Every structure is written in C-alpha cells, then in structure tokens.
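Here's a solo chain for you in structure tokens, the form predicted on its own.
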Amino acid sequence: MVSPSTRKCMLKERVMDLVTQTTILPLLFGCLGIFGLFRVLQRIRSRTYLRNAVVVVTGATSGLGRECARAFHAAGAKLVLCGRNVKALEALISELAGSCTSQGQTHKPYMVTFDLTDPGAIAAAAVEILQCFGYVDILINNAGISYRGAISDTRVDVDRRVMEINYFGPVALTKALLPSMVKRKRGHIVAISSVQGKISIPFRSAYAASKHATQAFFDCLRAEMEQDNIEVTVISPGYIYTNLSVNAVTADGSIYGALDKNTAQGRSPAEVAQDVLAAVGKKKKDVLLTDLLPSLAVYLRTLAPGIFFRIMASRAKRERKSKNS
C-alpha cells in the first residue's frame, strides 16, 4: 500500500512534469523562435542598408581593402574605389564588373586615384568622389602603412610619414566628405584601425601611435555626429595575412620587405572583410576582431596595467635578443 507521503511526492512530480510540458518547453521554443526571427530581421535590415548604398573604399588595390571592395560589391553597393595604383584599380574594377552574384543587382564601380599624404590631392579627390554618384553613404577609411623599428633609431620624418598616411590622411578625407553627409542628415564613417590602437607593443611605436590617434578622433566624431544621424564605426582587427608587414617602413624609412610570422598566421583578408561588412550593416560602434589573447591583453591593459607593462617589457627584451643573435 502506498503511504500518504509517497503519494504526495508522486503528485508533485506529476505536477512538475505537467508544468514543464505546458509552460517551460513552449516558453523555451518561443524564445528561440523570437531570437531566430530577430536574427533574420537583422540580416534583412543589414542587406537593405548596404544595397545601392554609395560606398567609398580607400586602399582598395590590395589586402583588406580589395576584399572589402569584393564583399560590398557582392552586397549590391555602388562603389568608389580609391588608391594610388591606377592599373591595380582598373584590374579590380574589371574583375568586379565581370563577376556574378546570387544576392541581386550589382553596379560597376568608379575609381578615384590620389595620394593620402597630399592634402591638396585629398581635397580634389573628395570633389571627384562626390561627382561619381552625387553623394556618399559610407566612407571606409582603410588605407594605411605599417612600421617596424626601435624608437631610439627612428627618424622623426618616419613617424610623420606613418601619421600622415594612417591618421592625417583619413581625417582630411573624412572632413572633406562630412559636410555633404551633414547636409543630407545621413552617412556612415568607418575607420579600419587595429588592436594596436588599443594596446601598444614594442617596436611598433609609430604604427600604434597613429592607430591610437585614429581611435580617439573617430570616438570624438561619433559623439559629435550623433545629432546629425551620422554613424561612426571603428574596426580594430588583429593580424591579417596581407603584405602590410612586407610594405612596412623601418627606422630609416626603408621598406621592411619581410612577412612577419604573426602576420603569416593571421586571418585571411576575405574573412575579415565579411566581418567588416557585417559590422557596417549592423551599424556597430566599435568592433574588436582579434583572437582570445589580444582581446585579453586589451582588458589587461585597463584592469592590471602593471602586469601588462611587465609582459610588454619582457617581449621587447626577447625581440631585441632575437635580433642581436
């Protein structure tokens, strides 16, 4: 014979099973459905935002810039591709014009050639860019140069050159195109920075300084442009498998000419370009595209700076020893 206490326990179990079946599971599936619907709507909104948008990409002739051109073209954007190498731009435009996509209509890109270190050329280029479609929806400041060298050996003109390309050039182009965006109360400025815009590592001083300045400027721009409905996105990738280190300048201004081990093990530019596309489509403010260790280093620099400084000092010591051996 079943005791009253056992019967009571069995009744509780049945009640819990009934609640689980009639409440918890439907609620769980409902939440999953809402989340899935949200993701679908987010993708649709992102595609709508990018389709037919006039997108300017600087540094489009190679590496991440070229892959961004391919990604945004496939998304249906109207491209204005910028760089110094006319033949490389023409080859890319020819490739894109002949490419097929399953995402819908694409547009033949325009090209504007200019040098980011020449302020006069930037002003003229901005006028030419605006003449292509009459306006700009999204400006992607991607062009840049890297650096390798010890601070004590580096000429000041090398520091200035890196700052001119990585900071003053994008700032000048942004300021040249900004009034047209403010007038339309619509626009999106994107700065391709680096994880080194958040932390500094030894023998990258000029590059890290230019990226720190980039982060600060565009953070300020974001706040100031809020009232004009202009989006600002700063994207900070880690190592990307491109020729950035090969084309880097050294302490005396010469070309580094070597592919770093870390760069060779970096992410593919095509993969990073898809992340850039997604970040822009979702109008994200600040995006860190790195592996776990660099991401942890960013937080370590803020939460435990003493430990971070010791780690960087140890890294500098190892690199210096490696170079001297």
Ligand SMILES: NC(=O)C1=CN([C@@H]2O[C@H](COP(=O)(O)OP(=O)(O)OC[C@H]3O[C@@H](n4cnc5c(N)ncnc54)[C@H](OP(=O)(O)O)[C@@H]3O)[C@@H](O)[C@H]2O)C=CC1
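Owing to the predicted nature of the structure, the values given are computational and were not obtained by experimental measurement. In this text, residue numbers run from 1 along the sequence as written.
Just so it is clear, the following notes concern the form predicted in complex with the ligand, a form of the same protein that is not shown.
Exactly one listed residue, out of 242, 106, 205, 154, brings a non-hydrogen atom to within 4.5 Å of the ligand in the predicted complex: 242. Between the ligand and the residues 215, 180, 247, 250, the one pair within 4.5 Å by heavy atoms in the predicted complex involves 247. Checking 125-133, 217-225, 138-146, 171-179 against the ligand in the predicted complex, the stretch whose residues place heavy atoms within 4.5 Å of it is 138-146. The ligand in the predicted complex is not approached by residue 281, whose heavy atoms all lie more than 4.5 angstroms from it. Although the partner is absent here, residue 90 lies well away from the ligand in the predicted complex, with no heavy atom inside 4.5 Å.
At a distance threshold of 4.5 angstroms between non-hydrogen atoms, residue 62 is in contact with the ligand in the predicted complex. The ligand is not drawn, but in the predicted complex it has a heavy atom within 4.5 Å of residue 238. Scanning 194-225 for heavy atoms within 4.5 Å of the ligand in the predicted complex gives 194, 207, 211 in sequence order.
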